[in-house]
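Listed next as C-alpha cells is one chain, alone, in the form predicted on its own.
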Amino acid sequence: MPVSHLKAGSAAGRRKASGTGPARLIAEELRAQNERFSAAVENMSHGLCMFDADERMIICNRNYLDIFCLDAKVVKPGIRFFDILQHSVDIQIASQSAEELYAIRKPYIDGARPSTYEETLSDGRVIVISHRPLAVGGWVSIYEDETAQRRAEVELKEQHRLFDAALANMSQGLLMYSSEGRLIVRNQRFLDLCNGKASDFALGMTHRQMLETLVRLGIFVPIDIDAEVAKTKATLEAGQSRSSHRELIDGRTLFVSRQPLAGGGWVATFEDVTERRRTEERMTHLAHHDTLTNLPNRSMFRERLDQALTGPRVAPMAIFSVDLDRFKAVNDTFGHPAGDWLLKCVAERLQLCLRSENDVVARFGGDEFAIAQFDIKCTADAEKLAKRIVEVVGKPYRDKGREMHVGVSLGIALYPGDGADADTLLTNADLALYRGKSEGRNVYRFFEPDMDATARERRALEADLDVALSKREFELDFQPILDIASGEVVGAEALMRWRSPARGLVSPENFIPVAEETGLIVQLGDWALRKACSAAAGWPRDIRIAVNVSAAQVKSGGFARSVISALAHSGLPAARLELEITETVMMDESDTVLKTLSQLRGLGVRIALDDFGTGYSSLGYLRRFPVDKIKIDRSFIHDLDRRDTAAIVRTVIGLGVELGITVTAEGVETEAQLDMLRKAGCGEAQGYLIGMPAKAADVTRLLHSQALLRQSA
C-alpha cells in the first residue's frame, strides 16, 4: 500500500511551505526524502510493517499485504495489531484464532531484543518473521516468504536421497570424477564388481591412481596405463564418450563406458558382461557352424572361400560338392536319431581325410557337405583326396549292434579353370555332382563344360514353364477308374499335360519335378484343381474326380482355401472330390499339413494315398492319419505274374479290406491282371485296359452313355 502518510503535512501546510525562503526548501527536501523512503519500502523483496508503542500500524508495504492476503482498505495506518490478526483469521489465511496468534507473537514483540521465528500459514506457505524493537517504542517487522526455498531444499534432499538410492541399487558400478580429475563419487556396486574395499579406492584419487590400484590389486589384467589415461583424456576433452571391454584376472569381462559431464568432469560405468559375451560368442559360433556336426556351415564356408579368392596371390584350389548315397534308406530304416549319429560320423571321417589345416569341410544341410582344398599343385591332388573320401566314408558304420552302409558322390570344380569366383565354383561343383549321381553312385566327377550346357537347358525349361500357365499351354486329360465288382466307371483321374509351341508335348515326368523345385507347382496345382472340378460338375452325380496334389501345395498354407474355392466355384459336392497325395506329403507331420488334411476330410473330401508300397513307411502313415483310399503303384501290377509281387499285392488288398479303405490298382493293362485283382478282392482298377487318358468331352460322353445303359437295364 502507498506510504502516503509520510509525505509533507496537510494541504494548508504545503501552501504555507510553498512560500519563499528556507522553509520552502526544507519542505521540498522532506517531501523528496519521504518519496524516496516510500519507494524503497514498496520495492523491498520482503514484507515490512511498522507499529508504534500502542501496537498501531504506522506503515506497511504491498508485499506485507500480499504475503498475508490482507485487504488494503482494512489494513491501513492506525489499525491495531490485534485487529490485523483478526482480519487475517476472517479471510482464512491464518490457521489459528486471533487470540492464539496474538499469544504466539506477543512474547517476540515485547522483547527488548530482536527476535526471529517462522510460521506456517494454513495454505502451507512458510513465513520467516523478524521483529526489531524501536527506541521510541513499538517495533518493525520483516516478513520473508521462504516457501519456494524450503521446497527447493526438500526437493534437493529428496534428490540426494534418490541419487544415493540409485547409486546403491545400480546394476552397474559407477565412478564420478570432478573437473579437476579427482574421484568424487563411488558406489557399492563398483566395489562388488572388483571384490575390493572402500579403503582401496578412496575419494580424491585420480584416474591414473585408480588404474594403478586396479592392476596392483590383481583385479585388472595388466594394461598400458599411460596409453589408457591418454586415450581417455583426449576423448573426454573432445566432448566424446569412450567405451571398451576390460578383462579381469578371474576371467570375467567388464564393459567400461566413460561419459563427459556438462559442468566438467566425467563419469565411468562398469557392467559385468561376462555371460553376455559368452552368449554372443556361442551365438556367433552357432551362426557359422552346423549345430549337429559342429562343422562350418554354408555361410562360414562361403566366407572362407571369398577370403581365399580375394587375396593378392590366389593359389589353385579345388571345391568339392559332397552328397551321401543311400542316406534316406538309413534314416527310414533306423530312424532319425540313427541318421543324426551317422552324419556326425561322416563329418569326423571327412575331417580325417583332409591333409592340410587350411582345408575346410562344411555341412550345407541334410546329407550335403562341401570341401575347399587350398594350395593344390595339380589335378591329381584333388583326385587323390576324392578317392580317399570315397574309400573312407564308404566303410561300414556300427552302432549298438547295427551296421549301416552309405556311399558318397562328389563333384569337383578347380580354380581357376572352372571359375574365378565362389558362385561359379560352387555351381560347377554341384553340376559335376549331379552328373556323377545320374551315372551311378559312390563316384566322383570333375566339372566339364557340357555340364553347364545341361544346366542351361534346365534353366530354359524353367523359364518356359514360368510363362506357360499364363499362355494357357496346359491341358487336362482324364483316365477312367473302374469298380471291379460292378464293371462300371466310378470316377476319373485328372492328368496334367503341357503342350508347348516350341517343345511340343512335354512329358509330366520332365516338367512336374521342375515345377516342384521352383514352386510353380502351387499355381499349376490350383489351376488343375479348378479345371478338374469344373469338368466333373457336368458328370453324373455318382462319379468322382481324382486330382493329384503335391507336397508343396499342402504346405503352402492356403491349400484348404483353394480347395473350398474350387468346389464353390464349380458347384461340385465335396464328397465327389478325391485328393491324391504321395508319401512325401505324409512324411511331413507338421501341424499345418495335418490340420489342412483333417479340415478337408471333415468337409467330406476324400484323401487317397498314391503310389502305395514304394516308400519305406507307408503302413506307419496309415496308422497316423486315416485315408479313404490307397493306390497300389503300377510297378507292382506290372510284375503281378511274379509270386512274391502277387503276395505283396494280395496283402495290401487284404489290409485295405480290414481297415475299410478302398484299394485301387494302377497300371492294369491285361485281362489276366484284372482277373487276379478281382479274385483278390481289389475294389478298383485303373490303366490302359480300363481306358486311355482322354479329353473331358470324351469322358463326359462315356459317363453319360454308361448312365443311359444303367437306366435302360
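One-based numbering along the sequence shown. These figures come from a predicted structure and were not determined experimentally.
If you look for the form predicted in complex with a small molecule, you will not find it shown, but the lines that follow are about it.
Residue in contact with the small molecule in the predicted complex (any heavy atom within 4.5 Å), chosen from 275, 123, 281, 509: 509. When you look in the predicted complex, the only residue of 687, 683, 47, 656 with a non-hydrogen atom within 4.5 Å of the small molecule is 687. Interface residue remark: residue 437 is not counted as part of the site for the small molecule in the predicted complex, having no heavy atom within 4.5 Å. Using a 4.5 angstroms limit between non-hydrogen atoms, residue 666 touches the small molecule in the predicted complex. Using a 4.5 angstroms limit between non-hydrogen atoms, residue 479 touches the small molecule in the predicted complex.
Heavy atoms of residue 553 reach within 4.5 Å of the small molecule in the predicted complex, making it an interface residue. Segments offered: 251 to 259, 194 to 202, 139 to 147, 509 to 517. Contacting the small molecule in the predicted complex at heavy atom distances within 4.5 Å is 509 to 517.
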